[in-house]
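To begin, one chain is listed below as structure tokens, in the form predicted alone.
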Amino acid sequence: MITVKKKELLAKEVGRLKLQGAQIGFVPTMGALHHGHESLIFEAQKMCDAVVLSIFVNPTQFNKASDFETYPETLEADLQRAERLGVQIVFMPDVEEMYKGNLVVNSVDYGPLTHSFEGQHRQGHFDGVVAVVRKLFEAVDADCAYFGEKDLQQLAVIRRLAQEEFAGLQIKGCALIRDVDGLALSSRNVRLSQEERVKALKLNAWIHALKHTIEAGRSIESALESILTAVKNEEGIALEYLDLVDPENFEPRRSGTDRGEAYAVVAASVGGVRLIDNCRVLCS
């Protein structure tokens, strides 16, 4: 496994692999690797000859400085895990290498996709995501890039970015991975106390209750009202949103002509730790 910190060295190593005819799979991360990240690497290895993993905590996508400052960092363990999993290249730039001293990023307007839900509750978040993913795509020059479906809205935003600016790059969405207790895997989970973790499981329970209620034939509006009434006063959980959305444009789904696949999405803070989750719902 090769580790590089500079874009020029990365381009050299990727170019060497491409001269050998290798298909390059790219897995971008912010480190603190867990089994969810491993699943992305495994998916990349199924389709590609070589995997590039990036580790970079991107400052421009955090709308709260405290969240950036407390983001877990486990670099030594991450590198050991990457090597054990058979990653060929780890790209681990610093902020200066990525931004050259300019942390001002352009505003991105993909309509509801960037301005609703995560975009509404984390002002400027998708501006930073698009800025850094664009820089990473340019640096890695991969054939396929792999993203987890836990960050479902981010995945839709990145698909839009690739469609508009990186036509030759395939974006692969990979299944959300849960811990044995059902909690969606996240690097932030390590900040939860045991009591907070039990509370956090409510998010999974709520979206699956919404799923089962709708799939049992209840109207979307009625199902949402029932669930929101039940969770409104849940102690120890600060709910931001709970809704049913179209996974491509993140517009809310409602009854009537809205048929087919949708996703129940939720975001809430538990003990100051912001968590998100989602699940697929079939509307009939």
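Quick note: we count residues from 1 along the sequence shown, nothing fancier. Predicted model only: the values in this text are computed from it and were never measured.
Quick note: we don't show the form predicted in complex with pantoate (PAF), though the next part is all about it.
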Among 106-114, 81-89, 143-151, 190-198, which stretch has residues with heavy atoms no more than 4.5 Å from pantoate (PAF) in the model of the complex? 143-151
Though pantoate (PAF) is not shown, can you say which of V132, I207, V157, I214 has a heavy atom within 4.5 Å of it in the model of the complex? V132
Though only this chain appears here, would G36 touch pantoate (PAF) in the model of the complex if you measure heavy atom gaps against 4.5 Å? no
Would you check, heavy atoms only and a 4.5 Å threshold, whether M30 touches pantoate (PAF) in the model of the complex? yes
